[in-house]
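A single chain comes next, written as structure tokens; it is the form predicted on its own.
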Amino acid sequence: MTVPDQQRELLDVSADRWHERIADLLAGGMRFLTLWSDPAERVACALGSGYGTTVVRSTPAPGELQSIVDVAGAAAWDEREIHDRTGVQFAGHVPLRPLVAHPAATADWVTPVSGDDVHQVAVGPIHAGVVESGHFRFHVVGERILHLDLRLFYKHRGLEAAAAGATPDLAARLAQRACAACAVTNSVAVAQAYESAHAGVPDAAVRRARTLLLELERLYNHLNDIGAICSGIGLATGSMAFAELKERAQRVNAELTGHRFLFDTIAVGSSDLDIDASTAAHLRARVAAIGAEAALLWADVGANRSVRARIRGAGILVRDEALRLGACGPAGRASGVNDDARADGGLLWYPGFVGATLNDPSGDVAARIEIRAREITACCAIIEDVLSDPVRPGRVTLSGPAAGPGIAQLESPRGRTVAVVEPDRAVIAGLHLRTGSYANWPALAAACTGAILPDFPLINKSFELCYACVDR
């Protein structure tokens, strides 16, 4: 495999050309990646085409930029967050409701819905079990959901702020703590973002090691998510069986790295993972057994008439809405948005990658569980391929000083995660992390429209998004 050309473009534009320039790039086939406020108090927008990225930056004047939500609907949360954190106004984004800020008056953040027999049902922010804080405000007529407002961002952990002035390795470890279930994705994203700012070229050993860890993370997540959906259905046998497979997958992680969630396995500029031929063959056999049993189990669960009746038609996210909101990962692919960052080439090890797709992407709970089942098979095949040979330590060759921000985009278990690193010699001046969960929360709300309230736990589990990673 050859390392792809890391095409990077940095465009500084005046405030009056901000919207026009971004609209032109999107019309030319680029995709919206993320929006953030940089250390110089400019607003920056990253767009991608394959593995290449273009960053458009502008200084708000006076304190205002034209909203881009009309051309990039996925930017809505980003604009709301920037407004709450910096005070920048986005003209045309009406109403610009609070997102990170939590005003006391419900009317200040909840969408007004009126009509005969319309009621609000409030769920959270405190939930049963150990789930993070999240408030769901349902507007309903009877049991039918008309609209769902989300309120997250309860815990201001300050991970991005703590990364300012930190070494690259510390910044990667801080990003890792944003979400345990995506610890590898987040730390690889920060490592690659820093390395890309310095035109870093990883050798084959680094690419293979990082790919192996990313796919091991994806494997246990998908097993967990299918088990969670079975739990939401009320199918205890499926829930317990997939939980057992997830446990086995995490024991593979622990045996390989010493940590079930693969913490502290990623370094900036290198990889220390060292797997000899005997250990690789042993782990390869264990992963193959997990994959084979998962396929048999899903064939049995998926054929169950009661299961099919429960998951078909529940929580439909149509393709046009998925595209408008920037839905990604399994949630997007279940709606026919076949976008997978692994297919872009990148700096990992995915020769001839072909992502899992559905013949009938119905966008419902059934499609979201089916796409995960198919991805488990593909995931195991990638792991087995990497482990067909020993995995040795490797290095990333960095070339010259940084020229502008470094950007990385990776496929997490929940979708495309984007990291932006603003380097300042040997430390980090700024870090921005937009995870697949962050991208998909608005899509979850849209999928609930028209559903019945008792279906919400099932729909929620079919997305299985992280609350914690927005509290960064």
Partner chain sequence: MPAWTGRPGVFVLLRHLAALRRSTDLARGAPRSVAIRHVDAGSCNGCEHELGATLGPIYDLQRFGLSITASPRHADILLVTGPVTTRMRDALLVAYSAMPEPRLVAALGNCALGCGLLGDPAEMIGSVEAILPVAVRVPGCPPTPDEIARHLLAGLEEVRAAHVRPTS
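Numbering follows the first chain given and starts at 1. This structure is a prediction, so every number in the text was calculated from the model and none was measured.
What comes next is about the form predicted together with its partner chain, which is not displayed.
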Practice task
Kindly indicate whether Leu96, Asn338 and Ile382 are, all three, within 4.5 angstroms of its partner chain in the predicted bound form, using heavy atoms.
Solution key: no
Handout entry: Among the candidates Pro351, Pro112, Gly129, Gly115, the residue which, in the predicted bound form, approaches its partner chain to within 4.5 Å (heavy atoms)
Key = Gly129
Practice task
Name the residue from Thr279, Thr237, Thr167, Thr86 that puts a heavy atom within 4.5 Å of its partner chain in the predicted bound form.
Solution key: Thr237
Handout entry: 4.5 Å heavy atom contact, Ala468 to its partner chain in the predicted bound form
Key = yes
Practice task
Evaluate Glu293 for contact with its partner chain in the predicted bound form, applying a 4.5 angstroms cut-off between non-hydrogen atoms, and reply yes or no.
Solution key: yes
Exercise for the section: Could you confirm whether Phe136 comes within 4.5 Å of its partner chain in the predicted bound form, counting heavy atoms only? Expected result: no
Practice task
Answer for Ser270 alone: is it within 4.5 Å of its partner chain in the predicted bound form, judged on heavy atom distances?
Solution key: no
Practice task
With its partner chain left out here, work out from 357 to 365, 140 to 148, 180 to 188, 194 to 202 which stretch has heavy atoms within 4.5 Å of it in the predicted bound form.
Solution key: 180 to 188
Practice task
Using the arrangement in the predicted bound form, list in sequence order the residues of 128 to 166 with any heavy atom within 4.5 angstroms of its partner chain.
Solution key: Ala128, Gly129, Val130, Val131, Glu132, Ser133, Phe153, Tyr154, Lys155, His156, Arg157, Gly158, Leu159, Ala161, Ala162
